[in-house]
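Okay, here we've got a single chain as structure tokens, the form predicted alone, with questions on binding and movement later.
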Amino acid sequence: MIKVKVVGCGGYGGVGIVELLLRHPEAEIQTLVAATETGRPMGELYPHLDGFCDLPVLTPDDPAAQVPADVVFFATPDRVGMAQAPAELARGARVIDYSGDFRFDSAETYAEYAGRIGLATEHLAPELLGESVYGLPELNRSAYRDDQRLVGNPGCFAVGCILGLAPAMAAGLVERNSVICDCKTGVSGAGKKPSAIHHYPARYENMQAYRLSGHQHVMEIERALGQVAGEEVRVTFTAQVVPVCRGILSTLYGTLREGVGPAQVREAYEEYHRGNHFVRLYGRDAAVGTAHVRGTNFCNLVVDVDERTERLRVVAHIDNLMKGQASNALQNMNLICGLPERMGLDQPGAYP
């Protein structure tokens, strides 16, 4: 059995991976760590886990939190993983980090990312960046080495945008700088910590765009799409929060290159995602929405061509807490531990 430690277990991303690990046939949760709400059983912190996971939530400095594990998930904000991952790796663990700490392969690229979003630009473990892999398997499964120790899990918005646009970029279907990402997320994307703008009266029947000056996931979207296209890509990205709990709906547009039609688009998407079990393709008439991926690792793509305006239109649906976070992280664990990629993940969600 794979012994697992979850750092940041108290947040939505942390409890999400705990839920998944409890159902995984080859993993066992060994240690739970958090910065707050410590000293309590996990089943008391989250009553739906009562009787299923009653391990105590430890502080980071508790000696029991230092016991070596086979895999460590950092369900933590930026700069936590980079500070603590070196010690976990030295103890022999494989590390999967939820934040932007290990999504980039050089200190210079990380500094550009951090500077854009107002973080300190110095990486605390730059020597590890070269061995990290950007953890979206459907994009770069072949980049995972047999001895992969470190994975930077992608940002939630980035997942839907990349999976929805990579086939078009790889096949050269759209003008590379014509791409628009119009993305709507549920309130859970802001995390568990209360704030005035996410207080129920402020959020109920209210929608708004935010971070128009620069969202933290734009750089990884442009970087991934540029690597697929073989040239620099710029996107216009707008994030909006809507009054639902979970789910991201990303409507993606790009101007088709001359001569590209619906048949060519469909062929490109089927070819690119042929080996990607967790990506499902639909036509324009499909009645699918975020409810149909809730609680799953699936990304549903409605692929369409607006022939009147000669634009590609792709609508991507993911659960921001699953494929946008915890279940994608578990998929990464399966890959780096030599397990079947779909283990513990190949199941439908709950509906309605």
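All figures in this text were calculated on a predicted structure; none of them were measured in a lab. So that there is no doubt, residue numbering starts at 1 and follows the sequence shown.
The discussion below concerns the form predicted together with a further copy of the same chain, not included here.
*Asks:* Taking the shortest heavy atom distance, is residue 269 within 4.5 Å of a further copy of the same chain in the predicted complex?
*Replies:* The answer is no: residue 269 has no heavy atom within 4.5 Å of a further copy of the same chain.
*Asks:* With heavy atoms only and a cut-off of 4.5 Å, decide whether residue 106 touches a further copy of the same chain in the predicted complex.
*Replies:* It does not: once a further copy of the same chain is placed as it appears in the predicted complex, residue 106 has no heavy atom within 4.5 Å of it.
*Asks:* Do residue 59 and a further copy of the same chain come within 4.5 Å of each other in the predicted complex, heavy atoms counted?
*Replies:* Taking the distances in the predicted complex, the answer for residue 59 is no, it never comes within 4.5 Å of a further copy of the same chain.
*Asks:* Indicate whether residue 290 is a 4.5 Å heavy atom neighbour of a further copy of the same chain in the predicted complex.
*Replies:* Yes, residue 290 is a contact residue.
*Asks:* Go through 64-72, 25-33, 292-300, 323-331 and give me the stretch that gets within 4.5 Å of a further copy of the same chain in the predicted complex, heavy atoms only.
*Replies:* Only one stretch passes the 4.5 Å heavy-atom test: 292-300.
*Asks:* Tell me whether 3, 124 and 134, taken together, all sit within 4.5 Å of a further copy of the same chain in the predicted complex, counting heavy atoms only.
*Replies:* No, the whole trio is out of contact, none within 4.5 Å by any heavy atom.
*Asks:* If you check 99, 188, 276, 140 against a further copy of the same chain in the predicted complex, which one has a heavy atom within 4.5 Å?
*Replies:* Spelling it out, the residue with a heavy atom inside the cut-off is 188.
*Asks:* Does anything in 197-231 come within 4.5 Å of a further copy of the same chain in the predicted complex by heavy atoms, and if so which residues, in order?
*Replies:* Result: 198, 199, 200, 201, 202, 203, 204, 205, 206, 207, 208, 209, 212, 213, 218, 222.
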